[in-house]
Structure formats: structure tokens, C-alpha cells
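We begin with a single chain expressed as C-alpha cells, specifically the form predicted on its own.
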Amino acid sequence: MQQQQTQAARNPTSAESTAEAPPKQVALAMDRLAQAARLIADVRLGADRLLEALFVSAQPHQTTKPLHLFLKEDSSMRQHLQDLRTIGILALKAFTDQKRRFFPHLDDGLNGQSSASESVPKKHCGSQISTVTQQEELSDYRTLSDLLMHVEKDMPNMKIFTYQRLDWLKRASTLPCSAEEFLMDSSKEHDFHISNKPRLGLLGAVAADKVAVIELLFPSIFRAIISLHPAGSIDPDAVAFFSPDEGGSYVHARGFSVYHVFKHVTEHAAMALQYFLGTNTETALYSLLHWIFSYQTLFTEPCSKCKRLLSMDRQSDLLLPPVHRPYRSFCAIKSSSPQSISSTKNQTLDASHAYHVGCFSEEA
């Protein structure tokens, strides 16, 4: 007994690491949350500075100073976001570990409630394809060109365009701002296609290692903008949804639509992106693209819970369609033949349930 006490006294760190007092771990988690709040404030400030630099650089007869400021703030914001993700994961782990250790009955209660809330159907890949198998199948898509070519085959109804970052800013400012202009513009885009290759930006051919922005267009339904960092990689870092008839400098991967329906979808897409990145960064873009594809029924598919197409949104006091699509139970499956393409398309549609804001569960 005395020997054990002596060893504990000589090595207090090990004893402390094996069984820390709950208040200490909770306090550590709270401190990390406070750090996260400070990082969020830094990100917001950096976003304002980036927008200011973009507006200044758009003015004629400007020096390279705004560009240097933009690059500096862009690098700083990305570091803040990376730190925020790390701190958030550590804080969540600390809270979860303590909850499971000292309040195990809470998990049991949640499991009991899950059977009562089975109105949120979940179709997990585990029953057909394990996570490991899925990752092995998607490992062939190591380059952006290969990934986009396969996605274009899987989703022929969705138009895919690629741009350099500054080229997209120019493109966004020229997008149609009315339904009539949109119909004329979309008819021109329809003819722009390079056989067996992803559709490229209208400002000219974009080398694969220079692609920083992906535009996904479902005519008359939505336009989605994805940002890649670094350019040419398969690492998405932002996504936003807009109406096809929107145009202007605010149409970018970190912007927000003027329409409430697309604002809700963008906020939900940001959470889906973080989930895909946290699950597997190598397949995040592939999963995100297929998940976005499920929004082709945004204005036609009724809510899977209340069975209604439109529901009153309390925040905006507007009737909105089901703007949420599950992403935790979402499964994107590789296809390599016409038969498997059709099968993949059907599986994606079957697995994509639609929910109003008030009917959606975060567990989906």
C-alpha cells in the first residue's frame, strides 16, 4: 500500500491522466469552447476584410496592394478555420466522454427515444456496403478530373462548370438577374460542352490544377457553388446554394442567396460539408456532389414526415418546401457501367428523404 502511494506521489501526471476529476475536464472543454468563440469572431472579421479587398480590387486602375491583402487575409482565415475545427472536435470529445462515463443513462434514454421517432427513416450503407468497402471503391478518384468525369456520368441532368477563383468572380457579376435573362443564358450554356470531359468555365479552358470553383447547375431549380482549397485539389472548403436567376458579386461559395429557401439550404449544406470532411476528407467532395444532386427534387418532393410539400417557416413566416436532406445516413456509391449508373441514381434518390426545417432531426 505504501509502495503504491509512493509511486503515485512520484508520478502524479500518470494518475491524473488516467482518472481526471470531471470538473477539470469539463472546465477544459469550456475553455476550448471559449477559444472557439474567439476564432469565430476572427473569421467573421477576416470575411469582412476579404470582401473589402475584393471590392477595392474590382475598381479600375488599382495596384496589387488589394491582391496582397486578399491573399494575406485568405491564409489567415483558413488557419483560423482549421484551428476552430480542431478545438471543436476536442471540446465535443471531452463532453461526450464525460457524459458516457458519469451519465450513461442519457445514452440509453436517447436509444429508447429513437424507436419512438422512427418517422425519420434512415438508410445506412452498412446493410449493403461497409464504410471500408466504400472508401476502397472511391479510392480511384484521386484527381479532380477523374472525379468530375465520373460524377458527370452519374448525374447527366446536372451541368458542371469549373473556374479559377477570379474568373468566377467575373462570371458571377455577369449572371442573369431575371428569369427572362436566365432562359436566354441557359440556352447558350447548354451548347457549351467538351466531349468526355467536365464542362469548363465559360471564360476559357481551365487546367485541372487551377480549378478553384465548381458550379453545379440544375436549370430552373438551383445553382450550387463549391470552393476548393488548394486549387486543383478534391478538398472542398465552402458551398452555397442560389436561385438560377440570381447574379452579382454575392454569388460565391461563402455568400447567401436573397431567397429564404436557398438561405436555409446553404446553412444546412455547410453542416453536411463539415460532416463529410470529418468522416473522410478523401471522399468528401464525391459525397458532397452526390448529396447536392438529391436537391433536384427541392420543389417537388413532399416532406417525409408530415407528407406536405409546403410548410410555414417560423423564422421567416413564409411557406417553404422541404429544404433539409439527411447527410449522416447518406451514401454515395461508385458506378462504372450504364447499369450501375442507373442503379446508383435510383439508390441516391431512394436514400434522399426531404424534411421541412421543423420536421428535421439532427440525427438524420
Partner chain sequence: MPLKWVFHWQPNAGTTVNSQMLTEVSQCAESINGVKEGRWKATLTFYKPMFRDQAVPAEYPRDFLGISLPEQPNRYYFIIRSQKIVLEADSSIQMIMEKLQSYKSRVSLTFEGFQYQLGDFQLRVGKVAPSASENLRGIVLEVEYLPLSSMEKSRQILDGFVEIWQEAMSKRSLPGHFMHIEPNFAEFGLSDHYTSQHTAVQYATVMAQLISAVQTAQAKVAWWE
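What you are looking at is a predicted structure, and each value in this text was computed from that prediction instead of being measured. Basically, rigid core = biggest C-alpha set you can superpose within 1.5 Å across the two forms. Numbering follows the first chain given and starts at 1.
Keep in mind the form predicted in complex with the partner chain is missing from the figure; the text below concerns it.
Judged by heavy atoms within 4.5 Å of the partner chain in the predicted bound form, the contact stretch among the candidates 66-74, 47-55, 28-36, 314-322 is 314-322. A single residue from the set V261, A212, V239, L144 has any heavy atom within 4.5 angstroms of the partner chain in the predicted bound form; that residue is V261. Note on contacts: among S233, S243, S294, S227, the single residue with a heavy atom within 4.5 Å of the partner chain in the predicted bound form is S243. With a 4.5 Å cutoff on heavy atoms, R328 does not count as touching the partner chain in the predicted bound form; it lies far away. Using a 4.5 angstroms threshold between heavy atoms, T174 stays clear of the partner chain in the predicted bound form. Although the partner is absent here, L310 is a contact residue: one of its heavy atoms lies within 4.5 angstroms of the partner chain in the predicted bound form. The closest non-hydrogen atom of I221 lies within 4.5 Å of the partner chain in the predicted bound form.
Annotation: Cα of R308 displaced by less than 2 Å between the shown form and the other one, core superposition.
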